[in-house]
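Read the single chain below, which is given as structure tokens and is the form predicted alone.
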């Protein structure tokens, strides 16, 4: 569904962030980009989103070259970026109205997706009154309501405490089961990739950005306390330990790179 063909991205006179990268993403798959800061994860996401253009090579979605953002690709950022002057319902409704949906249908659709993310009781609330996790639920509802074919997520839970992060990971898997979509999820948390992903792309700095391409066959949701889950984490850490300029996880804080 998504194809990158010999993509290089270089900012001004710096070294290329991505160089000669080729990659295919399968429709309906939940893939995680895992790697240290500065290895090009967000750049890769932004190329697929159409926010930036490659220096060379091309990015294709359904065999069509990506030249700009489009409604087929929804993006969830690390910060929820809600309109602070709009209540929760209006934040989700806004994009629907921009796409031409009538008022009654937009309200009904927004309410449906707020129900899906567990925020139905907060429709009249302003973003300032919500917790970080609640704001991210609204941000996810706003993107999903547009029914994109691809969901691009750039470390959306990294600013949350550990308990909130795990709860939203659970919710995200539940939502993706109910409303299947193709997901590309950027993270530097080993535990997060091990829990969420069907496929993990380990990225490192330098010309050969994709250092490992791993299919995780264990069924989801995975038990975070199981031996199988610890085996996945150990495998991912081993791949990260092979990277240059990679901080090795400690015994007590091994979930974060």
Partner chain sequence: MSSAIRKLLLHLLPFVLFLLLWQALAIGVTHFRNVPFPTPWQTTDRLVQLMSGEPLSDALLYRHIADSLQRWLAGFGLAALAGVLYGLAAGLFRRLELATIQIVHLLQLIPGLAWIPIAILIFGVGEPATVFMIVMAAFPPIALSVASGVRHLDGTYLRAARMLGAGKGALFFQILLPASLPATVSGLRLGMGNGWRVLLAAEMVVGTGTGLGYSIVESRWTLDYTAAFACLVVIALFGMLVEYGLFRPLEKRTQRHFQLDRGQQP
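Remember, it's a predicted structure, so these values are computed and weren't measured experimentally. Positions refer to the first chain, counted from 1.
If you look for the form predicted together with the partner chain, you will not find it shown, but the lines that follow are about it.
*asked:* Residue-level question: is residue 74 within 4.5 Å of the partner chain in the predicted complex, judged on heavy atoms?
replied: Residue-level check for residue 74: yes, a contact with the partner chain.
*asked:* Even though the partner isn't displayed, in the predicted complex is residue 206 close enough to the partner chain, meaning a heavy atom within 4.5 Å?
replied: Although the partner chain is absent here, residue 206 would stay clear of it in the predicted complex, with no heavy atoms inside 4.5 Å.
*asked:* Can you tell me if residue 120 lies within 4.5 angstroms of the partner chain in the predicted complex, counting non-hydrogen atoms only?
replied: Answer no; every heavy atom of residue 120 is more than 4.5 Å from the partner chain in the predicted complex.
*So in the predicted complex, does any heavy atom of residue 162 sit within 4.5 Å of the partner chain?*
Output for residue 162 is no: heavy atoms all beyond 4.5 Å of the partner chain.
_Options 27 to 35, 225 to 233, 191 to 199, 63 to 71; stretch whose heavy atom lies within 4.5 Å of the partner chain in the predicted complex_ = Heavy-atom contact with the partner occurs in 63 to 71.
*Could you work out which of 80, 175, 111, 168 is the residue within 4.5 angstroms of the partner chain in the predicted complex, going by heavy atoms?*
None of the others qualify; the residue that does is 80.
*Does any residue in 29 to 63 get within 4.5 Å of the partner chain in the predicted complex, counting heavy atoms only, and if so which ones?*
Stretch hits, in order: 46, 51, 52.
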